[in-house]
Every structure is written in structure tokens, then in C-alpha cells.
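To begin, one chain is listed below as C-alpha cells, in the form predicted alone.
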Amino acid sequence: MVDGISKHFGGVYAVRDVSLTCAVGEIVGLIGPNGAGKTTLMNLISGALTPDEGSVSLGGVSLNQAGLSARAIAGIARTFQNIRVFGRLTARQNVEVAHTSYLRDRADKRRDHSIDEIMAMLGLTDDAQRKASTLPYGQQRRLEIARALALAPDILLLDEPAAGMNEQESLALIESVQSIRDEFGCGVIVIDHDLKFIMRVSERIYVMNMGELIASGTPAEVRQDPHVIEVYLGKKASVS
């Protein structure tokens, strides 16, 4: 999916020669210290940024010349590190906007999930008629996921979905993400600083530091990787 991708700003590489894959039906985690390049990589995958080197593809089709909208049509949907819901619209209207685009642009990928089913999956049914700006922070996070999911993506990118959630909310979100994978059959790439969340939700994990991949593997393999422990987890890290 991502092959040797690089992005530099001036003389500084934010992402350097990174390759990763995410299969349909797989949940992949992406972790690393602040400034490691994780969100930049998300922006490169989603089309918000153009790579200086390397390529992004989906289903064997290159997306290098496609921007944000074209990649959404192709099958890549995302949430953002900073919440970007349509605050003046209701929660349901937020999802309707994406669902309308899906019906228009991705009719060939039709899936039998209604707006109400998507909202129920994310625990948003009771908040459907509330203005998005009035929802609690955690529910706004869930609303962003529901809106992205309404595009019926093949790959769903989640940037810090558990940010600001307590432990109980994070555990519930793990179940939601796994249900999304099972019900929609999409691949999911997740960035988060909540290591317990990432370790429990992911089947494979990539670790970045200073713009480069330093490790990849199962959660158990990553927890035990000496380089990952040194630069990110720390010797006393508890991420079981």
C-alpha cells in the first residue's frame, strides 16, 4: 500500500523511506514518540500531502496523482487528530453528508449499512438529533469515525481516536473498531498514544521514530523489541 514514501520540509525529513501494508480486514497500529512522523504519514496516505518520493496504492492502483477527494472516492477515509465535525449540523446530518457522497461516488461499492446502523455501531443513536458541537468530546470522536465509515471505505485511517477518552471509553472503542472491521470488511490503520488501546486493538504494529520505521510486528513482538523499548516504550512501560 505504501512503498518507500518520503516527505521533507526544507532539509528536514518528516517521513523517510517508509513502507507499510494493511490488508482488507486487518487492524494495523502505528505508534511512536511525538514528532515521529505518524500524522504526516497519514496525510500522505490520505492525499492531504504529496510525497517527494515513493508511492501510495490501493488494490494495485497507484494513487500518487489523486488528492483527498479522489482518494476518498477510491476507498480511503480518515479521521483527524484535531476533531473536524460540522458543528452546526446534527450528529445524523454529519453522517448523512458522507453517506450522500458515498451513494454518488462509490455506488459500485454499495454495502447494506444504513446511516442509523452506522450510528448505532458507534453508540450515537441517542445523540442523533443533537448539534455536533454540543456532544461530549468522546462522542465527537465517535462521530468522526461514523462519518468516515459512511463512505464505505476499503481502508479507514484513525488518527488518535482514543484521545481524551477514559479507560472505560477506550475499551468500548476497541470493541467498536473491531466491529467495524468485522461488519465492513475494511482495513484499519490506527494512530494513538494510548499504548494499552493500540496493543489490544491491533493485529500488527509499525513503530516510527524521527520519520523512519524502526520496527514492525505483532503487539508481543513490538513490546519486546529492544530498539522500541529504548526510544519509545521505556524499560518500565506497562502496555499489557
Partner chain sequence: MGLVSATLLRSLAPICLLIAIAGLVMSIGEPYQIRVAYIFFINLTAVFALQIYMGGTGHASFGHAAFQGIAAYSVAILMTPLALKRLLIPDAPFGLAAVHLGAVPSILIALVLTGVIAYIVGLAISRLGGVAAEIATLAFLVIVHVIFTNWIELFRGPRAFYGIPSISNLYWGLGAAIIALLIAKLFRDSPYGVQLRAASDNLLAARAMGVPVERLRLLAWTLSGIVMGMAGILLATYLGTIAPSSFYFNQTFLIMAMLLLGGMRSVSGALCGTLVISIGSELTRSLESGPVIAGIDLPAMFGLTGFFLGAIIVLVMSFRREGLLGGEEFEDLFRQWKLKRKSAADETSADAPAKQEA
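Because the structure is a prediction, the values reported are computed rather than measured. Positions refer to the first chain, counted from 1.
Missing here is the form predicted together with the partner chain; even so, the following discussion is about that form.
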Checked Ile115, Leu135, Ala163, Ala98 for heavy atoms within 4.5 Å of the partner chain in the model of the complex; positive is Ala98
Using a 4.5 Å heavy atom cut-off, which residue among Thr50, Ser179, Ser55, Ser69 comes into contact with the partner chain in the model of the complex?
Ser69
With heavy atoms only and a cut-off of 4.5 Å, decide whether Glu167 touches the partner chain in the model of the complex.
no
State yes or no: in the model of the complex, is some non-hydrogen atom of Asp105 no more than 4.5 angstroms from a non-hydrogen atom of the partner chain?
yes
Is the gap between Ala120 and the partner chain in the model of the complex 4.5 Å or less for some heavy atom pair?
no
Going by a heavy atom distance of 4.5 Å, is Ala148 a contact of the partner chain in the model of the complex?
yes
Are Tyr13, Leu20 and Asn34 jointly within 4.5 Å of the partner chain in the model of the complex, each by at least one heavy atom?
no
Under the 4.5 Å heavy atom criterion, name the residues of 76-106 that approach the partner chain in the model of the complex, in sequence order.
Arg78, Phe80, Arg84, Phe86, Gly87, Arg88, Leu89, Gln93, Glu96, Val97, Ala98, Thr100, Ser101, Arg104, Asp105
